[in-house]
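One chain is shown next in structure tokens, namely the form predicted alone.
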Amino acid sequence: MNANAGAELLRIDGVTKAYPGVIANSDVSFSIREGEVHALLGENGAGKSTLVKMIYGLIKPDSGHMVWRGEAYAPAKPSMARTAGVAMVFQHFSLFEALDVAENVALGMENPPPMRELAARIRAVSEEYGLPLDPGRMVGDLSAGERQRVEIIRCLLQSPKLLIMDEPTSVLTPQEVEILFETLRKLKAEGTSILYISHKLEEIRSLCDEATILRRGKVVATCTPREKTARELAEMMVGATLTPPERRAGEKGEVALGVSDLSLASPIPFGTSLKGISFAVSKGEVLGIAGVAGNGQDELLLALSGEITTEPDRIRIHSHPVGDLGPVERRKAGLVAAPEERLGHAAAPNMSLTENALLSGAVRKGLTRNGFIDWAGTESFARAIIEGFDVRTPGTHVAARALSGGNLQKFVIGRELMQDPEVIVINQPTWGVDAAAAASIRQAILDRAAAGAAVVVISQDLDELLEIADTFAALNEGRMTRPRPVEGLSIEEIGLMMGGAHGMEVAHHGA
């Protein structure tokens, strides 16, 4: 127990919540004290999101109860939770890009003050906590890190007693993570409690006083994180021994993917245009591309996959110009791609897993013949993905939207990697998946590289890139640094590259 923490703030007592076919939380009990940073750990589907939604008043428990400062606590809606002193920063931001910072903050308040007064409070509070914000800036022009500040400041203006944070550092550079942690430590010193959800276990060890670990909806352990290694925490979460991804020795071959001076206007509202991007990836090589969200990652994937086209010579596969070809033709040439947005882009929400397997597998798996779909072959492919990538689902008939985020991610990545590709482009391969699933996805990527595929991994997870990449580059405002060998790169250098620091060499010409 944290010796500096105060009295009990919130107690969860025997809380259970079930949905058809799944028990999300089963007899969960733990408590959070005043001035304590408490971690909630668990695999995808362990029940973390359901639990915090009950605390925040978004859903109601089936049984059990909660106690807030010694009194019964059962918020029927988020506004009641906020009135009690609970605030929440969600993993996916709920901001309107066409409004300014102050207008977005006002929308999240029950009784917002006049805009001039609110703008002054935003300035004062944001500077007090080391997260400076200009209340008049349009949210669409803010970086991902700045957008997160808007969400945090919106919460801090409520003077919360408990701040819930869901994966708060997934969109931040290492330097921004340090600033956030300073802010959280300041809040803790002032007596604010923080319930912190993250898959980044070294962060948990650095920041958190206590941890409650969930597995399949049940509390399986509690511990003091700094007394455990990250690996021990991961193994408590999954209930098994983890083996880190292993590189298979393989020869680097000829250049399989070449990009030369690629500049493209972004088709995405408030997106980032690509500016003079050049790189080459050889067979057997993994190029890791880092960057804070919103710096051109989505546009780069669209350009490489063929969803947006350019002059033929800008992109080459095995020396053949493909810049003007669409996704189907690029798949024929050997390139597969998995975008960051799982539901809606990588998978059609209302289609079954069999139908989703067909969507991108038809060409390379030969699932159509003379205009007819080979449904038996398609279902067999879907079943192979489910088995090969441990996708937790009742069967191939299930709609994509019914899967948890982590399981859908495993399905999408498996679908691409199982097409025997020669060039692989993946944006955020392990976004929101737990330690065990992340390790198996990274291993599958390394295995494809060892088999001779050229791989581009775009990720905001630096640990991931350092673990699997041979060469490293960073995107900042649509420009890309020249790829450098991963070996010998420091976290400080990487953070500067991601932040677009002057003096870092940016590649403009030549592949």
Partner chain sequence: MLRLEKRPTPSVFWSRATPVLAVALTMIAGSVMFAVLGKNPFEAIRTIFWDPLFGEFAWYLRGQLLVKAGPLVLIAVGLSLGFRAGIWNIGAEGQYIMGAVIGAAVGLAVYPTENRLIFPVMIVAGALGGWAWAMIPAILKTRFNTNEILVSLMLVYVAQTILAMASTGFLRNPEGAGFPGSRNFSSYPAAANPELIAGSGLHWGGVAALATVVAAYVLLQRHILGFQIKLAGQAPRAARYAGVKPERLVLFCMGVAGALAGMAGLFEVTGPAGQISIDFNVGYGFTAIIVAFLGRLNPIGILLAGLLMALTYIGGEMASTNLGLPSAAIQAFQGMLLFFLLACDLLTNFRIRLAQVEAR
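The structure displayed is predicted, hence computed values, not measured ones. Numbering follows the first chain given and starts at 1.
Below, we turn to the form predicted in complex with its partner chain, even though it does not appear here.
Quick one: find which of 153 to 161, 315 to 323, 280 to 288, 333 to 341 has residues within 4.5 Å of its partner chain in the predicted bound form by heavy atom distance.
Heavy-atom contact with the partner occurs in 333 to 341.
Flag Ala347 as yes or no: does it have a non-hydrogen atom within 4.5 angstroms of any non-hydrogen atom of its partner chain in the predicted bound form?
Looking in the predicted bound form, residue contacts with its partner chain include Ala347, since a heavy atom lies within 4.5 Å.
Can you tell me if Val105 lies within 4.5 angstroms of its partner chain in the predicted bound form, counting non-hydrogen atoms only?
Although its partner chain is absent here, Val105 would stay clear of it in the predicted bound form, with no heavy atoms inside 4.5 Å.
Please determine whether Ser193 contacts its partner chain in the predicted bound form, using a 4.5 Å cut-off between heavy atoms.
The answer is no: Ser193 has no heavy atom within 4.5 Å of its partner chain.
Although its partner chain is absent from this view, report whether Lys77 comes within 4.5 Å of it in the predicted bound form, heavy atoms only.
Lys77: contacts its partner chain in the predicted bound form.
Does the trio Glu355, Leu359 and Ile373 actually contact its partner chain in the predicted bound form, every residue with a heavy atom within 4.5 Å?
Each of the three qualifies.
So its partner chain isn't shown here. In the predicted bound form, which residue out of Gly140, Gly85, Pro174, Pro327 has a non-hydrogen atom within 4.5 Å of it?
The residue from Gly140, Gly85, Pro174, Pro327 that makes the contact is Pro327.
Let me know the one among Glu299, Asp100, Asp209, Glu416 whose heavy atoms come within 4.5 Å of its partner chain in the predicted bound form, would you?
For this set of options, the contacting one is Glu416.
Would you give me the residues of 385 to 409 that have any heavy atom within 4.5 Å of its partner chain in the predicted bound form, in order from first to last?
Going through 385 to 409 in order - heavy atoms within 4.5 Å of its partner chain in the predicted bound form - the hits are Val398, Ala399, Arg401, Ala402.
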